[in-house]
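What follows is a single chain, given as structure tokens, in the form predicted alone.
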Amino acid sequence: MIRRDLAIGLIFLACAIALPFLGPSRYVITQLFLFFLWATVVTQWNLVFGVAGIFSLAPMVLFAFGGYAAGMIGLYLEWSLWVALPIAGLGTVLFSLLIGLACLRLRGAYVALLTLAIAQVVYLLIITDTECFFMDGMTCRNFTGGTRGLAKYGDFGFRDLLGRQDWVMGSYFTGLALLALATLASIIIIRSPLGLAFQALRDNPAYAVSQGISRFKYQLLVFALSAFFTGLAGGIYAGHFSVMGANTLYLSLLLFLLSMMVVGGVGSVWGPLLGAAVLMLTDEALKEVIEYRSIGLGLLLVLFAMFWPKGIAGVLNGVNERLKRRFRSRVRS
């Protein structure tokens, strides 16, 4: 299974590396860059939600934490964002452990409500930040940037290195590298004994605990493992756009990413990437009819929830199994 997953991953990686050299527009490159970031977030969310069975709605608050942490380090300490990025990732891990500790005594919908409440509290703290933290010329700046967003913390230097025409390529390959590493980590975790422990706690918690699997240990571990790459995605987002705002905590964006996981296949290795690709393509196709955009995405989600609950990955696995059975029956005959 791991060899098959690695082979699929290498094919995808080779295609993604070659794609920019075929001459797509800057808009396409930027949309692919966003796909890499959202797919990274959904891939890591899948470990918590799909594999471990913890109904957490905290990925976007972790994403925002990573982005704000990288931006604040760059702004207030005047460090390079390349140095700030891994620090922001580790800081996000610590923040996720606090969320994991808060969720230990809760189950199911209560975990979802608590993590959603944490995200909303962070959102309110940002947009209600009106205190003057420092003076930027004649302008008073807030600690978090408030409703204007955090800015002037620098970038990754791609404009100076690659020029104003090609700098977006630097962000593209940075996002691709992050997705590749996050997917590799996801494959290793899901296909390893660690992934089996997560699935055991998801499917039969009482039996798993009786076999010596510590819920305390493994729940905190899955929160920490998924948070690192989510925080890095937030930091790369902040470095690319050179501004970090509370819009990353909007409920609509959270639901959009949740739909990616449902459409792709909850708990599968490649479902999050397939779902992210399908939802982003659908969203792009519906931009010309903005009044039907939300309706179209909602109908797509309802169709998959009703007729293909295992998502695209489940449909593809079913087709693969039927083809295998037909091949075996022909060989025997």
Partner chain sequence: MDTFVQILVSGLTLGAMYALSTIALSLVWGSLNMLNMAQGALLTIGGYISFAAITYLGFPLFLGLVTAAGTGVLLGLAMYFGIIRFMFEKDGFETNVIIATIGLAMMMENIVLKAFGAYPFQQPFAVDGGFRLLDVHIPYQNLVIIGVSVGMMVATAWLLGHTRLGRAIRATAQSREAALLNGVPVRRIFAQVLALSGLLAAVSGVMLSSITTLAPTMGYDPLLKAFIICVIAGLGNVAGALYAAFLLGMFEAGVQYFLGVRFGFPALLLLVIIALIWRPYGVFNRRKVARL
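Positions refer to the first chain, counted from 1. Predicted, not measured: the structure shown is a model, and the values here were computed from it.
Just so it is clear, the following notes concern the form predicted together with the partner chain, a form of the same protein that is not shown.
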So in the model of the complex, does any heavy atom of Pro193 sit within 4.5 Å of the partner chain? no
is_contact(Asp129, the partner chain) in the model of the complex, heavy atom dist at most 4.5 Å: yes
Using a 4.5 angstroms cut-off on non-hydrogen atoms, would Leu94 count as touching the partner chain in the model of the complex? no
Could you tell me if Ser214 has a non-hydrogen atom within 4.5 Å of the partner chain in the model of the complex? no
Heavy atoms within 4.5 Å of the partner chain in the model of the complex: which stretch in 116-124, 75-83, 223-231, 170-178 meets that? 116-124
Answer with one of Leu258, Ala185, Leu90, Leu162: the residue that has a non-hydrogen atom within 4.5 Å of the partner chain in the model of the complex. Leu258
Heavy atoms within 4.5 Å of the partner chain in the model of the complex is the criterion; list the residues of 270-302 that meet it. Glu291, Tyr292, Ser294, Ile295, Leu297, Gly298, Leu299, Leu301, Val302
